[in-house]
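Okay, here we've got a single chain as structure tokens, the form predicted alone, with questions on binding and movement later.
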Amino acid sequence: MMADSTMLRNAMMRSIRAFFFDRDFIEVETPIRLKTPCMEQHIDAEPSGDYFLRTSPEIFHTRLLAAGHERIFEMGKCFRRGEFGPLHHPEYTMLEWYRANADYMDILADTKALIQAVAGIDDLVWRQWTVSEAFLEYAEWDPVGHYDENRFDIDLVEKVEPALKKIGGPIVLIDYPVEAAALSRRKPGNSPLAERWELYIDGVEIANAYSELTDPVEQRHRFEECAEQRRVMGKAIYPIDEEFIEALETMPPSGGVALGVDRLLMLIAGASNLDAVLPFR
């Protein structure tokens, strides 16, 4: 089993890299240990001495976009403290890519093409639902304009995601409440919606994408709100990454996505949990 999953991973990684090289992306490497992890409400960084292990390379990718790079991707290890389960490991492989002068819909087109190329199939039926549509159908309320964080999280896990698994295939949940999209650009006109989508395949969350927020004032405000929420929850509060905030001042409009490589491999292999495709745990 170890040999089979290793060979399958090798083929998938080669296919992913070929996909991006064919589209004029450059592969980048960014630090794994960092002084200031990106602050998100429910994601805890793993300490590493006086530093932390990254939960995502996003803050460095933002700085590369601000420096003038237009198409970048990275595959590498990321870490989240205390995440264990059939679909969660504290150490995992993340694929992230970003495009300057693009938005979340451009990134969705990339993602569809990537999944079809890597999985070796081109006849997938993709469904796309707004968050409002999915919650009204399966949880009987609309979180947009009536956001309740606890109710949203519980109903997503207990009602919406099981429905997506039952339906099967790739389903895109799109246009999240702005309160549930800390790094996403708000839709025009002071909308209550953020330009964010998540991809589920057979009920498994595979990717999370945004039109990137490039307003440093609003981003700082969101980080401050997140810090207060983490304080109330008794979680560690990380300082705001000032280099990241400064980069937003010159970053072009951009779209980006984070995709779980291990979960994608699991689905390609027809496995039901990550242990089947991770040779070392």
Partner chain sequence: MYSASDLKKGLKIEIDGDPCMITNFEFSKPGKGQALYRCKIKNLVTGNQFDKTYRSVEKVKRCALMSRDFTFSYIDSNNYVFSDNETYEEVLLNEELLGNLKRFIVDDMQVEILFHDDRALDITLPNFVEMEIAETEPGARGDTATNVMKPAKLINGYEINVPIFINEGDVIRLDTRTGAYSDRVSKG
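Positions refer to the first chain, counted from 1. What you see is a predicted model, and the numbers here were worked out from it, not measured in a lab.
This protein has a second form, the form predicted together with the partner chain, left out of what is shown; the following refers to that one.
The partner chain in the predicted bound form: contacting segment from 243 to 251, 59 to 67, 38 to 46, 24 to 32, heavy atom within 4.5 Å: The contacting stretch is 38 to 46.
Which residue, Ile206, Leu156, Val131, Leu164, has a heavy atom that falls within 4.5 Å of the partner chain in the predicted bound form? Contact check passes for Leu156.
Indicate whether Asp106 is a 4.5 Å heavy atom neighbour of the partner chain in the predicted bound form. Because no heavy atom of Asp106 falls inside 4.5 Å of the partner chain in the predicted bound form, the answer is no.
Using a 4.5 angstroms cut-off on non-hydrogen atoms, would Ala182 count as touching the partner chain in the predicted bound form? The answer is yes: Ala182 has a heavy atom within 4.5 Å of the partner chain.
At 4.5 Å between heavy atoms, is Asp142 in contact with the partner chain in the predicted bound form? Although the partner chain is absent here, Asp142 would stay clear of it in the predicted bound form, with no heavy atoms inside 4.5 Å.
Any non-hydrogen atom of Lys112 within 4.5 angstroms of the partner chain in the predicted bound form: Residue-level check for Lys112: no, no contact with the partner chain.
Output the sequence-ordered list of residues from 192 to 228 with at least one heavy atom within 4.5 Å of the partner chain in the predicted bound form. Heavy-atom contacts to the partner chain in the predicted bound form: Arg196, Glu198, Glu205, Asn208, Tyr210.
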